[in-house]
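Before any questions on binding or motion, here is one chain by itself as structure tokens, the form predicted alone.
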Amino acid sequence: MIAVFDSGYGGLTVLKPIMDILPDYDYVYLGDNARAPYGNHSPETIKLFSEQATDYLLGKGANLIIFACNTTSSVALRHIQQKYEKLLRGENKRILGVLIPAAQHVIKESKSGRIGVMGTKATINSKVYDEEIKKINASAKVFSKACPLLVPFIEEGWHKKPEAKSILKKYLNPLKNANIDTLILGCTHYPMMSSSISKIMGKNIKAVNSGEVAARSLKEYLERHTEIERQLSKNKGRRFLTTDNPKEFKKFAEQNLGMKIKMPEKILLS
């Protein structure tokens, strides 16, 4: 079973392209909506929440966990991989993130080497995108902008309102003025505002959706690691879990992403 973990609704923008590319596998999605957004929490709290989610998903039989959330990928992933290393290696399981594939992809896409990153406070403050991009291309120039108000707007379903678009424009103007040619949407929620982002940034700036990149990267990963792939069940099962309101979760998935899903199960992480 492949598990996709996110702080809320955002990881659905990762799960959807993964299921499009790899439809035969069993999937479980866990959105910790009750405690979203993660990006405004301290690193210690983000690590704790990530440990709780990891424990839960491993306990439910996940063989491969995808940290869809950019915040957990940048702040907690290395910590989790190290803490669970013996278990993961011993049982041939893996925990992967979305950040490194996005960094690798953006280097290929950028012609000028001037790259923008928009994300939560925690993601931007971690500087992990800067580090990973410069590992690949030391001469790249990275311009980052924290956008802390966007996730709450999206989680509330208000991201199409004029107020949200006005705030988005204020966040993006410094990146546009930096003459970037490529922009990483460094939060899984942001593709839900992709049309507004494109209008503000203009046609000459390419926006990189980490969910779509992660989906292609996962397919390639499973082709390379057949020892992991062989363990994944293929019954086309789909389960959705949330720590908050299942009806609101289902409504959001169907209205904003066109995903027809069963009623999610409400769980408690502790």
Ligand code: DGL
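Rigid core (definition): largest C-alpha set, two forms, superposition within 1.5 Å. Keep in mind that what you see is a predicted model, and the values were worked out from it rather than measured. In this text, residue numbers run from 1 along the sequence as written.
The following text describes the form predicted in complex with the named molecule, which does not appear among the structures shown.
With the partner left out here, the named molecule still marks one of 200-208, 49-57, 62-70, 223-231 in the predicted bound form; by a 4.5 Å heavy atom cut-off that stretch is 62-70. Just one of 75, 183, 102, 151 comes within 4.5 Å of the named molecule in the predicted bound form, counting any heavy atom, and that one is 151. Comment: the named molecule is not present in this chain, but in the predicted bound form one of 147, 117, 187, 106 has a heavy atom within 4.5 Å of it, namely 187. Contact check for residue 37: a non-hydrogen atom falls within 4.5 Å of the named molecule in the predicted bound form.
Along 1-28, these residues reach a heavy atom to within 4.5 Å of the named molecule in the predicted bound form: 6, 7.
The two forms, fitted on the rigid core, differ between this form and the one not shown by less than 2 Å at the CA of residue 132.
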